[in-house]
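Below you will find one chain, with nothing else, as structure tokens; this is the form predicted alone, and questions on how it binds or moves follow later.
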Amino acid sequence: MSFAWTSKLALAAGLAILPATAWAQSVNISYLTHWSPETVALLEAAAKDYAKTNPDVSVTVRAVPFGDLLTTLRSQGGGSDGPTIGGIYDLWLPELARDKLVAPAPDAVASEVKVSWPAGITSAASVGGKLYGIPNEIDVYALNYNKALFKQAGIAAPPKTWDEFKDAAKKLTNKEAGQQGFGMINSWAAGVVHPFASLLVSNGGELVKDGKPVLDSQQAAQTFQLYEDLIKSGASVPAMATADANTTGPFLDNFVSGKTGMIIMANWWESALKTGMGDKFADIATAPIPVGPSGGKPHSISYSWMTVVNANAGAAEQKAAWEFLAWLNNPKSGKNGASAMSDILMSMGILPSRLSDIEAHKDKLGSEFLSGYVSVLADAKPFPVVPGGQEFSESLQQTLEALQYGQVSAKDAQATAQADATSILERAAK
């Protein structure tokens, strides 16, 4: 994915507000998200600001756990009384668009998004050349490491290659103290798959190419073997790895308490780290993904989120929803030239994807923690957005967890992953 930030900033004019509407009667729209209560409060505050100039539009925010978000959109999005707006993971878009649960963006919105967001992110928010929503966040992965533990283990710098990575993991492992060198994740699909995928693409491999899985490659074999080596050596302990989509559980607890030396994680968990570590957050630093024997340079898997509008909502509700989203993502809705949406995202340590928002928040994005993520954006590889993508991700999760717990070998895990992925993607493409 190419992010030519500075050259495109000139194109990042304010997102055009759709033509003002004089509503004959008040319009009520609802916004479904998975955000925490603190973040929902920020969105509600933004909706109140919008109501100052749009008193006939009422925005109600509802939050569900991440694990329930897609099922809620599917179960309630088929009717006019379902959520008017939904925040979705781009992996879900192809099937939601196929099933006509989300509406194409109006031309005014689509044209502005195409010049105000990077092309790769706009593409991930599109199906068949049609834009289906407004992108908001971009998430990438980096190596997070504990500088204090590195110092104790005599490690001078973060690992750049897999050999250095395995050596550092070994030095950071202290079984008597209950300390692991590298923390994997289990029990949560994206948390399991995205770090593995980031190591894979940093080894020159891919998950999917031209719509077909390529987990039978040599690069993938080496990545599965890396996992097996880390587990068999005791440098990674599955019992310390459980997490949910909010990262709560042993995975976070062990890193926060200094029982895990390194992890591969996304930028959005900065707020959870700060809350859990307090002053010791200063011990945490970020670095690019270590490069494997078949790789040429570090790469991160990237994924994005977007807001979509219910295709089955009434015409008035759909129009009001697009107008609110246009305002929410407009550089005039937030502070100091930033959109209100980006201000909400930055409160969680999440990178906004709009070009003008990146410029507006450049000081915060230059922090020691987030700058490590910004540095990998230019070489990030988008997680494949294909029909069947969520099922594919969950299937690979199960295979990787079986490998973590020693139930399969690296060779068998690779064969299973490729066979299952082939079946899933072929079926979804029909």
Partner chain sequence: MIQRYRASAGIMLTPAVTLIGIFILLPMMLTVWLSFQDWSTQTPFSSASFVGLDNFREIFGASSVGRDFKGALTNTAIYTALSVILILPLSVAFGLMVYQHDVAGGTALRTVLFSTYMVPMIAVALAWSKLYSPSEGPLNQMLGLIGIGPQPFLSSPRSALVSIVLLNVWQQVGYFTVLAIAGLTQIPGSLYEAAKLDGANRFEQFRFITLPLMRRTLLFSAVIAIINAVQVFEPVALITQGGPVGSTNVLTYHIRRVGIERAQGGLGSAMAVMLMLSLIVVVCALFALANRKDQE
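Note that the coordinates shown come from a computational prediction; the quantities given were computed from them, not determined experimentally. Numbering follows the first chain given and starts at 1.
Beyond the structure shown, there is the form predicted in complex with the partner chain, which is absent from this document and is the topic of what follows.
In the predicted bound form, no heavy atom of residue 38 sits within 4.5 Å of the partner chain. Shown alone here, residue 244 lies within 4.5 Å of the partner chain in the predicted bound form, counting heavy atoms only. In the predicted bound form, at least one heavy atom of residue 250 sits within 4.5 Å of a heavy atom of the partner chain. By the criterion of a heavy atom within 4.5 Å, residue 187 is counted among the residues contacting the partner chain in the predicted bound form. You can rule out all but one of 235-243, 103-111, 216-224, 334-342: in the predicted bound form, only 235-243 has residues with a heavy atom within 4.5 Å of the partner chain. The listed set 58, 375, 398, 367 contains one residue whose heavy atoms approach the partner chain in the predicted bound form to within 4.5 Å, identified as 398. This chain is displayed alone, yet in the predicted bound form one of 385, 70, 27, 47 has a heavy atom within 4.5 Å of the partner chain; that residue is 70. For the partner-free chain shown, 390, 391, 394, 395, 398 of 386-400 come within 4.5 angstroms of the partner chain in the predicted bound form, judged by any non-hydrogen atom.
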